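Before any questions on binding or motion, here is one chain by itself as structure tokens, the form predicted on its own.
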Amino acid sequence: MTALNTAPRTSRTAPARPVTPPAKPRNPWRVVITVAITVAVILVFWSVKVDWARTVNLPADIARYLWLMFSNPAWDKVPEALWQTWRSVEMAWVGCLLGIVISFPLSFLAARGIGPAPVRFVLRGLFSLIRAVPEIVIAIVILSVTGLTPLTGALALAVNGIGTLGKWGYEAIEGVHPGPIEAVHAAGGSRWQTVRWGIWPQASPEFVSFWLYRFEINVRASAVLGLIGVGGIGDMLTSYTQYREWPTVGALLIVVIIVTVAIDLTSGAIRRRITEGSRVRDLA
């Protein structure tokens, strides 16, 4: 009897061929759009008349004006600067309150699931249109009715705030968790009860945060609106800059920077406290 050959057989496997990924399809429109944008940027860049010879001396000029403004500021103008800054803050506050009062109900009507589709379409288009127009342009339009008064600046800030607060508001409403809303529906709640108990408790921290942030924006924008003569620290800055009283301009800028930074830090701390508190309640 012959012995069986029990030696293990070795199987030979062919080496794996490298897999080449398929070629990425080319999009000719992407190339056309890229070339068009590049050409447009180049044309815009060259159409701007820039005196390149003066740009060489730009750092030295900036240093000279900074020295004129801050080497010996006119501290005697600080009380008047504080008063004008307070008027700018008042302008920002009134504009923020008016924007909140008007945009708050419109945000709910523009939110999906609350307002009807035609109303949502009109309101969202209105918010976009308002955001496209700067505050200073709105102030120039209102100027013909109200005149050169702080009310003009407050109304311009309020109109622009309606566009931003309205958009932020309906986005916050649409981003809430659907669980509480479904619970109110299951309990037979009306639309008002759904908004009151299902949406508002979740969206209220974001609303308050947006309102505070809009106030910060208004404080900075109110100084710019003063350039057209509606009052505030911007009007004072324009006057002294035209007369080239650089020590006074330096004192005004110091006051503006300190007040603006203080408001930003305070508002930012409150906003963080509100948002962090809402997150803790959600986790609990």
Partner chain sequence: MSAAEYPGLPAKPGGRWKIWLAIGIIAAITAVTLAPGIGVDFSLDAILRNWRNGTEKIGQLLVPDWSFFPRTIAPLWETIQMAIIASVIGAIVSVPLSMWAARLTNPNPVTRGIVRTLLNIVRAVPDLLYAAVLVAMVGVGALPGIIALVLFNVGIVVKLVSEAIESGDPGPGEAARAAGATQTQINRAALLPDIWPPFINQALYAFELNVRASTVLGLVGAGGLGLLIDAVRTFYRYDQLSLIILEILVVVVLIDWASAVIRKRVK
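Residue numbers count along the first chain shown, from 1. In this text, the rigid core denotes the largest set of C-alpha atoms whose superposition between the two forms falls within 1.5 Å. Since the model is a prediction, treat every value here as computed from it, not as a measurement.
The next section is about a form of this same protein that is not shown, the form predicted together with the partner chain.
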*Contact label in the predicted complex: residue 120 to the partner chain, heavy atom within 4.5 Å*: no
*Any chance residue 134 has a heavy atom within 4.5 Å of the partner chain in the predicted complex?*
yes
*Though only this chain appears here, would residue 163 touch the partner chain in the predicted complex if you measure heavy atom gaps against 4.5 Å?*
no
_Is residue 150 part of the interface with the partner chain in the predicted complex - any heavy atom within 4.5 Å?_
yes
*Every residue in 102, 112 and 263 with a non-hydrogen atom within 4.5 Å of the partner chain in the predicted complex?*
no
*Using a 4.5 Å heavy atom cut-off, indicate which stretch of 170-178, 71-79, 94-102, 183-191 touches the partner chain in the predicted complex.*
94-102
*asked:* Superposing on the rigid core, I want to see if residue 34 changes position between the shown form and the other one - specifically a Cα shift of 2 Å or more.
replied: yes
*asked:* My question is whether residue 243 is one of the residues whose C-alpha shifts by 2 Å or more between the shown form and the other one, given a fit on the rigid core.
replied: no
*Is residue 257 one of the residues whose C-alpha moves 2 Å or more between the shown form and the other one after the core fit?*
no
